[in-house]
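Below you will find one chain, with nothing else, as structure tokens; this is the form predicted alone, and questions on how it binds or moves follow later.
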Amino acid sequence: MTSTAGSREPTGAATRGPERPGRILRFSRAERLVHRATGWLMLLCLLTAACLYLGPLAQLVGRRHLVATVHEWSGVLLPLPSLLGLLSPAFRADLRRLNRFAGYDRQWLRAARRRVATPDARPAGKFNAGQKIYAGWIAGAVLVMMFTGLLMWFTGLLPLISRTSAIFVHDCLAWAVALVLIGHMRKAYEDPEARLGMRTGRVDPAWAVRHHSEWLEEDGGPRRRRTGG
């Protein structure tokens, strides 16, 4: 497997606690870069949207033309990190995982509907069912947002669709994306090990077994003998 920045840190880094020998690879460097770049572009897009949409912020920031330009280009560039990520075999492998629903994913959803949160009731592969649904939804939302944004930007692109309709869809979906992203960040905040895995690429084997038990059986997943027990 590809080495990560976390695996090349000095030996003294192990004294920080989570960075210790025996951790297993969860995300490659390319995957982490895609996630960070997409996150920053999404944040920039939402912040500039707020400055354009909310009157008090618009007055505070000013420079409406500049803010609008940054908003337009951050939206257009939003799919770029994922497109570049397709050059990475690890990224393509995780896309296949995200697009595949297994029996244990349906069990995870049934437990979520019943509000049963124990790991035994919510088996998961490298990504749980909620993460798979989130990834599919946010990918579709980004495409629709970019399409309606282009219709607003180039008013004569599709004459059959009015600019008013494009604005309505764009604004409604923007609010939905903002709420979903808040939920995504809240879940990440509640799981420090998951955040560490996205930051360094490696996670604790016990965490992987507890929260992503089926990951150990998936093609390309971490080998059991590397988990250190």
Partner chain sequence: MADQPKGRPDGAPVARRTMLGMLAAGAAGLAGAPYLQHGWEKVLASASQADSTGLTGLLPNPSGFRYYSIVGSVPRKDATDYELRIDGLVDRPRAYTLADLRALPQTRVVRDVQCTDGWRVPDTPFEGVRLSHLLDAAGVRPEGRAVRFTCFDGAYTESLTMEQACRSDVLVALNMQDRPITHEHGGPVRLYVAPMYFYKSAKWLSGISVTDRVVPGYWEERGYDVDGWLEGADRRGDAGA
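Positions refer to the first chain, counted from 1. Computed from a predicted model, the values in this text were never measured in an experiment.
Form predicted in complex with the partner chain: not shown, discussed below.
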**Study point:** 4.5 angstroms heavy atom contact with the partner chain in the predicted complex for Trp73
**Key:** no
Point to revise | Tyr189: touches the partner chain in the predicted complex, heavy atom cutoff 4.5 angstroms | key: no
Exercise for review: Could you confirm whether Gly62 comes within 4.5 Å of the partner chain in the predicted complex, counting heavy atoms only?
Suggested key: yes
**Study point:** Close approach of Val34 to the partner chain in the predicted complex, 4.5 Å, heavy atom
**Key:** no
Check your understanding: If we take heavy atoms and a 4.5 Å cut-off, which stretch out of 22 to 30, 189 to 197, 38 to 46, 170 to 178 is in contact with the partner chain in the predicted complex?
Key -> 170 to 178
Exercise for review: Indicate whether the candidate residues Arg100, Thr148 and Ala166 are all in contact with the partner chain in the predicted complex, with contact defined as any heavy atom within 4.5 Å.
Suggested key: yes
Practice item. Enumerate the residues of 116 to 137 that have a non-hydrogen atom within 4.5 Å of the partner chain in the predicted complex, in sequence order, or give none. Key: Lys132, Ile133, Gly136, Trp137
